[in-house]
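We begin with a single chain expressed as structure tokens, specifically the form predicted alone.
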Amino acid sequence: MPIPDWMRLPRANAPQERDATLWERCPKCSEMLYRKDLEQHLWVCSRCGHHFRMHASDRVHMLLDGEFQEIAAQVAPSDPLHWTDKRTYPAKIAADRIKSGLTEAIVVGTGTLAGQRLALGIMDFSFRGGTMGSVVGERLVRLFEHALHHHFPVVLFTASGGARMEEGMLALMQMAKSSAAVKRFTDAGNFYAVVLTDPTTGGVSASFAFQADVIIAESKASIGFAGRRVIEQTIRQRLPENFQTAEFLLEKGQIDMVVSRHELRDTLARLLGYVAPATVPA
């Protein structure tokens, strides 16, 4: 199967606003960072360790040994509600495809990590805020079904603002649809690991993001369901400063580990090694 165009030129299809400048300002410490150095450091600030949001193609190249065999690339969104506000839904999709270089908010496929075969899914916040619509749900289901058939472990990276409002109830139904696919996969004794990246919120956090055998989060990632302001206004209380961060969730026992991006590949390789089929001597 040929390598997709977005994989062949990983940085050519990155978000346009980053391509327009040679420097990036860290939103955490305000340090000006040379963009090429930032890429080499996996989009992590060398001064304060802030993890920038990462393009799907960068994650694939960071993780995999070589080729990425994409699954369900032909599955594309329709316009079931004929949604329109300032722009129509198809116009929004077209604009996000140009901006992100992706066809949807998730990319799924197979490859090898440290010589171990796996099924890989990566959500990308640069496409409609990583919102979960019918295509995201369908691609997830196909990923888990493919992995179930071939007995591959699944590693999934989440980054989402929740369900996609332009698809209404169809978007909300993807929570149940994807959760059912995960259950079929794990009930058959297969391994599923998730990496929560910034941000993982809404319907994604309330479904497949927290169904994994091992739940990892990147450092300082924002993770939750509703927004901090909404919760504070509802309960009329001030929340802790680190509320809904990866480190806060680890302290409360909701995730298994917080891992720096520089250590993520080795961590995943070690986990996959634990569940790899034992080799029987000849």
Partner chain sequence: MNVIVEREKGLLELEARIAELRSVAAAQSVDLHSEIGVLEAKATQVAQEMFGAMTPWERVHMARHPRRPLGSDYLLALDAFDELHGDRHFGDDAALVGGLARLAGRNVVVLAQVKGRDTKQNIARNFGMPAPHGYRKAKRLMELASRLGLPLVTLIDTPGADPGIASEEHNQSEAIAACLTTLAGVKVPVVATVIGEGGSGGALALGLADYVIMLEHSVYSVASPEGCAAILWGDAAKADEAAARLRLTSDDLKKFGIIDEIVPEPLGGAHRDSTQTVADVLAAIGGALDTLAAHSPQELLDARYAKYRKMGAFLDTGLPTVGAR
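Positions refer to the first chain, counted from 1. Computed from a predicted structure; not experimentally measured.
One more form of this protein, predicted in complex with its partner chain, exists but is not displayed; see below.
- With the partner left out here, its partner chain still marks one of 24 to 32, 39 to 47, 59 to 67, 245 to 253 in the predicted complex; by a 4.5 Å heavy atom cut-off that stretch is 245 to 253.
- In the predicted complex, at least one heavy atom of residue 189 sits within 4.5 Å of its partner chain.
- Residue contact check for residue 165: one or more of its heavy atoms lie within 4.5 Å of its partner chain in the predicted complex.
- Contact check for residue 138: a heavy atom falls within 4.5 Å of its partner chain in the predicted complex.
- Within 4.5 Å of any heavy atom of its partner chain in the predicted complex lies no heavy atom of residue 129.
- In the predicted complex, every residue of the candidate spot (77, 145 and 270) has a heavy atom lying within 4.5 Å of its partner chain.
- Annotation for 190 to 222: interface residues with its partner chain in the predicted complex are 190, 191, 205, 206, 207, 210, 211, 212, 213, 214, 215 [heavy atom within 4.5 Å].
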